[in-house]
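First, one chain by itself: the form predicted alone, in structure tokens.
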Amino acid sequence: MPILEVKELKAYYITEKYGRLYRVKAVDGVSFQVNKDEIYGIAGESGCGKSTLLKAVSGLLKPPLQVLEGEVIYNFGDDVLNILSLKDDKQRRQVRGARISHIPQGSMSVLNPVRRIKKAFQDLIRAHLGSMERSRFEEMVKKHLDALGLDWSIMQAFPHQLSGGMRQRLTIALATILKPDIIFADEPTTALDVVVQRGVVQLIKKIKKEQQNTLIMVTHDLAIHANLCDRLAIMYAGKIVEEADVDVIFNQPQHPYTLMLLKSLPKLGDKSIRVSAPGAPPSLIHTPSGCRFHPRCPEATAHCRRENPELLELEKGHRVACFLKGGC
């Protein structure tokens, strides 16, 4: 049984402005499974719903974000729960941090600018393990930092005294100190240069190997997915349009949107102009009828404009939502 199963999840941003109700369909009928110990990637253009999907799946629901339909089932082996059924914020906080952990886009979303780094670790450990003797706390944190190649002296620093790469490493250390079953990484390499990105990716790999966590990685950087993930889902306008093993996605893509994403990637030694999908992603308030990609798809038919294709399995482990590939 998979460690995570998402069934027909609909998560909308619902707001009222000037007397009108707006529904932003950020996640609209998404279903997927994640197996234990694998790295599952989610890719797509900015604004396609990747980060919202991560928030909904991890139970980070704050207005105006609301889950209208669907289930998010976790199977931790010793416990099975639907995180959306936990109405009490205290119950959700107990699950998050201990069994589910989150690495956000920016380290300053986690680290308080006016408190030393050590305080963030103290708050997290106290919230889940209760009060702890100073010597035991320091032993626990030192052991974790040593394993990640970080020095204990960093604990006395304020966030602004550290580089962006170092703050991101500390955010990862904070997210993994309690050895969670699942780690959600939301654009963990954003705004970092390529050398620092490589160090962050290596650190995530090291933690994954040592702690045997399950990792769900969200980023628009396909190079990171190719280097890190086992399976990859491609999102477009709130829906998953293709899902397969990483090697299959990069070597045998089937959905027109996936093909265009890969054609837009730069290649060493290739000076030709890269071609991407024409136009821009649709509004998630007023989504197109039928397949949401049809306004930008050169192969769209009247059927595509009229009906929305289901995400069906072409081959074992390879799902595609496209009428051209036998969708219905």
Partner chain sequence: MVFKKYFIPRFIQYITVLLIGITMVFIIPRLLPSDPVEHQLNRMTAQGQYLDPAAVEEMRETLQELYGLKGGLFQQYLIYWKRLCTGNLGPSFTQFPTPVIELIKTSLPWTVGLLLVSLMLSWLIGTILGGIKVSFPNSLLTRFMEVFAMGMRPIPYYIMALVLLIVLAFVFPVFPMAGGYSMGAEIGFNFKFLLDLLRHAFLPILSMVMLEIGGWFLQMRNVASNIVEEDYVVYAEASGLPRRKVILHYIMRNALIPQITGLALNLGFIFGGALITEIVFSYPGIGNLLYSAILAGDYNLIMGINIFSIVGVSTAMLVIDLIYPLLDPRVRYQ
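These numbers were taken from a predicted model, which means no experiment stands behind them. Numbering follows the first chain given and starts at 1.
Missing here is the form predicted together with the partner chain; even so, the following discussion is about that form.
Among heavy atoms of L124, some come within 4.5 Å of the partner chain in the predicted complex. At the 4.5 Å threshold, heavy atoms of H128 reach the partner chain in the predicted complex.
The closest heavy atom approach of W152 to the partner chain in the predicted complex falls outside 4.5 Å. A residue is said to contact a partner when one of its heavy atoms sits within 4.5 Å of a partner heavy atom; T214 fails this definition for the partner chain in the predicted complex, lying far away. The partner is not drawn, yet in the predicted complex one stretch among 132-140, 187-195, 99-107, 241-249 has residues with heavy atoms inside 4.5 Å of the partner chain: 99-107. The three residues K10, V72 and L81 each lack any heavy atom within 4.5 Å of the partner chain in the predicted complex. With the partner omitted here, the residue from A233, A237, A175, I182 that has a non-hydrogen atom within 4.5 angstroms of the partner chain in the predicted complex is A175. Between the options A300, L65, L262, L60, the residue in contact with the partner chain in the predicted complex by a heavy atom within 4.5 angstroms is L60. The partner is not shown here, but in the predicted complex the stretch 153-175 reaches within 4.5 angstroms of the partner chain through a heavy atom at F158, H160, Q161, T171, L174, A175.
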